[in-house]
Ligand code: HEM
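First, one chain by itself in structure tokens, the form predicted on its own.
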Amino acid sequence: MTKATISLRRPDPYNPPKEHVELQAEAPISRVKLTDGRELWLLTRHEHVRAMLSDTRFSSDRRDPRHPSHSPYMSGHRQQLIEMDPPDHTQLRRSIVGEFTVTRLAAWRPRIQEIVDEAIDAMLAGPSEVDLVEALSLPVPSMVISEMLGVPYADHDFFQENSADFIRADTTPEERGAAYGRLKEYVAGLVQRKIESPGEDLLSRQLAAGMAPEEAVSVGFLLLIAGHETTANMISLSVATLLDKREHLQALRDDPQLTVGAVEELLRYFTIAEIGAARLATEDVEIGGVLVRAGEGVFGLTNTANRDATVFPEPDDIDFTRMARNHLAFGFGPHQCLGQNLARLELEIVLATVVRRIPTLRLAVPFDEIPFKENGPNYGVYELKVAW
């Protein structure tokens, strides 16, 4: 056991913070202090993080003030799916998980391909230098999740602006509360319209199947926020990496079949959810030979877990043939990301299409001048200037 102050900032865009890696090697289960002064247990190895995430004695309920979430629980905030424990979590998740199976999402492949092609058509029709975040990374997942939920795409700017304010780490409580209120009000209105005039979308199906309106608001709120921001970050990071490390770009050109493995490897390599594995022990639990007492916070560092050399040999190398499907980029256990299959499908289609359709694509600025997100719950880039 050791004492340390720990930050989530990544000084090296391609690697977890050096102090995280050092802890994994020297003290894989540590008692650490966050920059705000709170103390908690930090898990850094794959087996320990995976064990914690699959153990229901570690709670996701952020209403407990001892929960090590990144921001205080807001009064009046309705619990989201990711903040619930069984049995409530199990029941609500079971009602919507069928919407995100591989089989169900396969029907969306042609439409997602159309959305990607339309975004690239628009890119190529304009100036030969653009911000890829604005031109491709954000519009594609925004359009997809909007269509799945039956949200007018004309409202996507509203969602991007307010969801960014809601999840950004440097947002004040007042700003975060205001953004939450605006988003909640919109989704509540959307659900009401689905009740009065059902469509063929996910929310209408859930309401028809008996989901309570307040649950539909909660689910719609979560999917709208989670459904575009994380995928947008992964699209930007993946394209930036391919353009910086050209040997990997060439590998995809030579063998497009590698794209599925490339998506999985890039998800492992970046592991963008910085704080998704925060839990509160509800009982005394021994993990990795260390006793975590009831009421103590635990933080599983999925970024170092996915660089654990005992699971992923040469973990700091990018290897599209690795078959890294057992990574923890989407978490693990009861709260494993509901939309992981959708994210994989969107990333696969975007990367394959970019490689095929824009052979001269290049970074318009040096890689080390790209503005990376170092202050939020999800790693990514604010802007990605590219040219062709």
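Numbering starts at 1 and follows the sequence shown. What you see is a predicted model; the values in this text were computed from it and never measured.
Omitted here: the form predicted in complex with protoporphyrin IX containing FE (HEM). The next part is about that form.
Chemist: Place protoporphyrin IX containing FE (HEM) on this chain by superposition, using its pose in the predicted complex; is the pocket open, or blocked by 3 or more ligand atoms lying within 2.4 Å of backbone or C-beta atoms?
Modeler: Placed partner leaves the pocket open.
Chemist: Partner absent here, but in the predicted complex, which of 131-139, 93-101, 181-189, 208-216 has residues with a heavy atom within 4.5 Å of protoporphyrin IX containing FE (HEM)?
Modeler: Of the options, only 93-101 has residues within 4.5 Å of the partner.
Chemist: I'd like to know whether residue 349 contacts protoporphyrin IX containing FE (HEM) in the predicted complex, with contact meaning heavy atoms within 4.5 angstroms.
Modeler: Heavy-atom contact with protoporphyrin IX containing FE (HEM) at 4.5 Å: absent for residue 349.
Chemist: Can you work out whether residue 297 and protoporphyrin IX containing FE (HEM) are in contact in the predicted complex, taking contact to mean some heavy atom pair no more than 4.5 Å apart?
Modeler: Contact with protoporphyrin IX containing FE (HEM), no.
Chemist: Can any non-hydrogen atom of residue 68 be found within 4.5 angstroms of protoporphyrin IX containing FE (HEM) in the predicted complex?
Modeler: Although protoporphyrin IX containing FE (HEM) is absent here, residue 68 would stay clear of it in the predicted complex, with no heavy atoms inside 4.5 Å.
Chemist: Mark residue 363 yes when one of its heavy atoms lies within 4.5 Å of a heavy atom of protoporphyrin IX containing FE (HEM) in the predicted complex, and no otherwise.
Modeler: Looking in the predicted complex, residue contacts with protoporphyrin IX containing FE (HEM) do not include residue 363, since no heavy atom lies within 4.5 Å.
Chemist: Have a look at 34, 27, 338, 355 for me and say which one sits with a heavy atom within 4.5 Å of protoporphyrin IX containing FE (HEM) in the predicted complex.
Modeler: Of the listed residues, the single hit is 338.
Chemist: Given that protoporphyrin IX containing FE (HEM) is left out here, which of 267, 239, 151, 115 has a heavy atom within 4.5 Å of it in the predicted complex?
Modeler: Exactly one listed residue reaches within 4.5 Å, namely 267.
Chemist: Would you mind checking 81-113 for residues with a heavy atom within 4.5 Å of protoporphyrin IX containing FE (HEM) in the predicted complex?
Modeler: Heavy-atom contacts to protoporphyrin IX containing FE (HEM) in the predicted complex: 81, 82, 89, 93, 100.
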